[in-house]
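This document opens with one chain alone, in structure tokens, the form predicted on its own.
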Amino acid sequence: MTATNDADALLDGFWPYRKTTESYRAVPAEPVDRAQLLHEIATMAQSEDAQGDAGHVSGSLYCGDHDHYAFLGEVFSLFSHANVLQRDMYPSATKFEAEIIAMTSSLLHGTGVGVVTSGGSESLITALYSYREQARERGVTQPNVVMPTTAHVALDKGAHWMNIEVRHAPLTDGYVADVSAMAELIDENTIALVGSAANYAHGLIDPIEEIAALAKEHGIGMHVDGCLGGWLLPWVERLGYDVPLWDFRVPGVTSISADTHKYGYALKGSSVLLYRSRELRKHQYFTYPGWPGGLYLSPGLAGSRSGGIIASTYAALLATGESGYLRAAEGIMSTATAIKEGIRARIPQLEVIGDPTFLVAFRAPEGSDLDIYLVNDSLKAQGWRMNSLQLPPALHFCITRPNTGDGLAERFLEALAAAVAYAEEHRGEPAQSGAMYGFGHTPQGHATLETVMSGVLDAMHDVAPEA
């Protein structure tokens, strides 16, 4: 293949519609026919959903039920135009939002205090902001937060924006937070500790009880990042699986984030940030009584928000119900257990990281020369989309409802065994897969320079080059 063909293929990979659809660089002079637009957009959606509908995608698609999506879309459309900042016009938003918070709090044994956010990142960053503001009351001007290296990177992003020092603690041999190491990092400027239930990389639950006890001992907050597991682990526990305590039943836990748009089966993006007390929650509020435009009050970062997301999230929780969540959790855990046990019993070239529940991470054992990214190359070629990890190199399969079909676990194990054989056959060759969050199936990876990563972000916001 020539250099020109290589470049063309790269562009087609990033902008796959550049040769089949028109790229608009300005508003068209005349309206585009609505039927034509709908057909074009629906064609994209159907094409992009195919892999996920087959159950071959890790995470990302948590529900997979298109009838459910259509129902939520109907609810969304009723309030898509509504701005919930204007509660006098749309008081239903108060009902929806308050009851979403109440249902999430009940599930996590909370006090009913919380807020609805646009997703996990906003929940985590907002919690960090609240702890920073709380610490200002005791004179902290150079705040730091202590968390394990596996804590979600959105916390690092928020800390970067708010000038909070992040102190990363190492992991134990079991790949969970090393509480002793965390203790060594605490000082008078520490505003909070963080633990995950479960973490994104390996699907493991940090020793929340120990971290919370440490936070309580030092008189500081403790946030549990339950964005991933918050709406699944409670049902898993009810099914009889061994789940360590991690929610508000643990003294010392002062806030929890849980994404309703993951295992709550709501539309993207919605999350709930819960607090143990109203006193802590008030630190995230912004009120400004002296603006010429009137009295301004906002619960968080967002101003105008569409009522569609809040209404459809409310509908998702009610339409699924306890029995629906338990059925989904049972299927997810059956599949995850089969994959976890299958890797351990049948694929000795790989090892499962720690003792996961619903998300199974696996790597080549230490000292092995097996390239896990070559394994991913083969899985991708076979139609599977895993998430690539780094430090150490690994892959994970986050099991969701679309992955629970009959025989899917067995098909994956067969594909994985074939992928390991491929990696062994091509040992020493450069892999095409890497470990970029949200781009686990692309050539970029661990060695990607920040300038190149910025270039990728630039490309995401550029119109497709002309074909």
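Quantities reported herein were computed from a predicted structural model and do not represent experimental measurements. Heads up: residue numbers just count along the shown sequence, starting at 1.
What follows is about the form predicted in complex with a small molecule, which we do not show.
J.: Honest question, do 131, 252 and 276 all end up within 4.5 Å of the small molecule in the predicted complex by heavy atom distance?
T.: Verified in the predicted complex; spot residues all out of contact, no.
J.: Among 120, 356, 234, 110, which has any heavy atom within 4.5 Å of the small molecule in the predicted complex?
T.: Result of the distance check: 120.
J.: Let me know the one among 361, 124, 135, 309 whose heavy atoms come within 4.5 Å of the small molecule in the predicted complex, would you?
T.: Of 361, 124, 135, 309, the residue with a heavy atom within 4.5 Å of the small molecule in the predicted complex is 124.
J.: Picking from 241-249, 170-178, 331-339, 196-204, which part of the chain touches the small molecule in the predicted complex when contact means heavy atoms within 4.5 Å?
T.: It is 196-204 that comes within 4.5 Å of the partner.
J.: Is there any non-hydrogen atom of residue 227 lying within 4.5 Å of the small molecule in the predicted complex?
T.: Although the small molecule is absent here, residue 227 would touch it in the predicted complex, with heavy atoms inside 4.5 Å.
J.: Would residue 97 sit within 4.5 Å of the small molecule in the predicted complex, counting heavy atoms only?
T.: Contact with the small molecule, no.
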